[in-house]
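As a starting point, one isolated chain is supplied in structure tokens, in the form predicted on its own.
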Amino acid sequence: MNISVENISHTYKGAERLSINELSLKIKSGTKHGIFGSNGAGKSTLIKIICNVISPTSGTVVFNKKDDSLNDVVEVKQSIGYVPQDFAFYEELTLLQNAKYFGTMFNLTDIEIQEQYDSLVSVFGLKNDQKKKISSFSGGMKRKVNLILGLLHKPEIIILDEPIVGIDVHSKNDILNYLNELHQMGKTIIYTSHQMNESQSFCENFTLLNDGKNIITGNLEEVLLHQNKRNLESILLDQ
């Protein structure tokens, strides 16, 4: 599913400046697309607009599937798996209780929830922790819970906002390896991170944001050539 962000702007209530400023962007189906920029560049706002969590002040986001535009908001939301930077679950519930709750929000049957849940819990190594409240989990385990809940409905588009921040190396590798497997299955992945080494090796295409504007979109070589830098980290250091 292709995504076209068309001349969007956004300002938060009471803010003195635009968080997104007349931004346009195309994300091709089946790609791993990194969105990066310094703090306040507009990354999280852009992601929330694409996910329909918030609406742009102006402009539109168009989803195209097999040459047809999706106009149904529910169908668009069903196609997206959003994994936010903040933990998005109920810590006083178990992992399975959270999965059942969020699964029903995507109209999954009990059988569908259980099958996908069993698969994801196995992938992320949380089988032995299913009966524990999530409040007892480590930071890396909670990141995995975020992913499990975001992937439960088998979305075509996976949108990840800082999915590996503050976690151990093993958890980081588990997450990135599984995301690569999903990409091989044709999933579209939109990825933001302050960890530029991981972003540079993981993503295929990149969009550099600054002050809510799209500075450059392209593959790694194109972005580095445009900015006259050797790596993504050096680009951020200059912002």
Partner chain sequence: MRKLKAGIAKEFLLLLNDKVGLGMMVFLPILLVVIITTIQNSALNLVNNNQIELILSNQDKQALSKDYVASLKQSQLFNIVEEDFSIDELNNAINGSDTPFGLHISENFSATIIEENQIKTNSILESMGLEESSGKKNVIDNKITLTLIYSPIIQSNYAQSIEKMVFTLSKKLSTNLFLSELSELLEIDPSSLNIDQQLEQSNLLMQKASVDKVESSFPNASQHNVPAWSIFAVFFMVVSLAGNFVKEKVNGSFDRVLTMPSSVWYLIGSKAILFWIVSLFQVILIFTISRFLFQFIGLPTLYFPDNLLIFGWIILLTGATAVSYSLLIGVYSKTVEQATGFGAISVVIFAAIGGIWVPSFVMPPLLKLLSNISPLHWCIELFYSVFLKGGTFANLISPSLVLIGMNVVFFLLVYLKLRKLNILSK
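Numbering follows the first chain given and starts at 1. Only a predicted model underlies this, so the values are computations on that prediction, with no experimental measurement involved.
Beyond the structure shown, there is the form predicted in complex with the partner chain, which is absent from this document and is the topic of what follows.
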{"property": "Stretch from 202-210, 22-30, 51-59, 185-193 whose residues place a heavy atom within 4.5 Å of the partner chain in the predicted bound form", "result": "51-59"}
{"property": "Close approach of I113 to the partner chain in the predicted bound form, 4.5 Å, heavy atom", "result": "yes"}
{"property": "The partner chain contact at P155 in the predicted bound form, heavy atom, 4.5 Å", "result": "no"}
{"property": "Contact test in the predicted bound form: L108 vs the partner chain, heavy atoms, 4.5 Å", "result": "yes"}
{"property": "Heavy atom of G140 within 4.5 Å of the partner chain in the predicted bound form", "result": "no"}
{"property": "Residues S119, V121 and S171 all lining the partner chain in the predicted bound form, heavy atom within 4.5 Å", "result": "no"}
{"property": "Partner contacts for 82-114, taking the partner chain in the predicted bound form and a 4.5 Å heavy atom cut-off", "result": "Y82, P84, D86, F87, A88, F89, Y90, E92, L93, Q97, Y101, F102, T104, M105, F106, N107, L108, T109, D110, I113"}
